[in-house]
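A lone chain, given as structure tokens: the form predicted alone.
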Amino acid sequence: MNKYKGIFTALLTPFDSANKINEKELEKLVKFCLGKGVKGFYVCGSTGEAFLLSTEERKQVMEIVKSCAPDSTLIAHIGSINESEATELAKHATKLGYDAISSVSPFYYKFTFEEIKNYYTRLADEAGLPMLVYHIPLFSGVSMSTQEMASFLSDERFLGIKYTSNDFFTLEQCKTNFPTKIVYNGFDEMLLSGLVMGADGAIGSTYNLMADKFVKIYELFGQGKIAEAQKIQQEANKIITVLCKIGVMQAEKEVLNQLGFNFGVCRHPFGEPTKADKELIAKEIIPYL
């Protein structure tokens, strides 16, 4: 299971002036993150604007990442409220040789837990790959109890949970009761908290910009150097505070643009950073990366 432990970038998706996926820039970002020490990538997640991409575009992103990071641990987010689409993406991930698949819980229609569980198990069976449950109640509106999470963690088809919540008690219970399963911390600003409570690593959006900071936090924690890790977490959180003022994904793309990438902007209905936003990024973020 060691290949699943560590720091994973939840990749952004770059678009060119024609609003098409910019393959060259995506490859450049993958190499950039690998140079900063990440273990692998979470591909086509919410950070990658998955729900604003077509099925074919999601496949394209998966293919690009696999081709330029063949030796990294790759997790394909195949989640969709359209289960047929999710199944198609899951099979594509298997065909490409991904290490695992993941999915956000089916949302909007307030599905029962039984319906949600059946969705996950059908996808896992179709793909034949380990499944990672993506738990993000703030955005999905789907909350799960410790007992409900246990029903996944006790199933050999499930790798573990991408845990994007500040309920660290439940995170700790999942890891304590199922020590052989993988639990990833989701909120970047709380990485150290998640590690203290048992997380095996993390999947993060701001790792696109500053993965080296989080790799260092992970390493220092493993060495028992908590105070040093906390200092770096504080440095990262100053940057995250600025990103949140602007809009995290919109700001992240602008940061990359200012770092010499050509990442364009987020797809509509997202807005674009203003001139003042760009100046704030140049002043409060760029010098600290």
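Keep in mind it's a predicted model, so treat the numbers as computed, not measured. Note that residue numbering begins at 1 and tracks the sequence as displayed.
Keep in mind the form predicted together with a small molecule is missing from the figure; the text below concerns it.
When you look in the predicted bound form, the only residue of Leu220, Ile64, Leu29, Ile240 with a non-hydrogen atom within 4.5 Å of the small molecule is Ile240. Checking Ile182, Leu195, Ile136, Leu74 against the small molecule in the predicted bound form, a heavy atom within 4.5 Å turns up for just one residue: Ile136. Although the partner is absent from the chain shown here, none of Leu53, His92 and Ala127 has a heavy atom within 4.5 Å of the small molecule in the predicted bound form. Among residues of the shown chain, Gly160 is not one whose heavy atoms approach the small molecule to within 4.5 Å in the predicted bound form.
A residue is said to contact a partner when one of its heavy atoms sits within 4.5 Å of a partner heavy atom; Thr47 meets this definition for the small molecule in the predicted bound form. Among residues of the shown chain, Phe113 is not one whose heavy atoms approach the small molecule to within 4.5 Å in the predicted bound form.
Put simply, Ser105 is far from the small molecule in the predicted bound form: not one heavy atom of it is within 4.5 Å. With the small molecule left out of view, the stretch that reaches within 4.5 Å of it through heavy atoms in the predicted bound form is, among 95-103, 140-148, 118-126, 162-170, 162-170.
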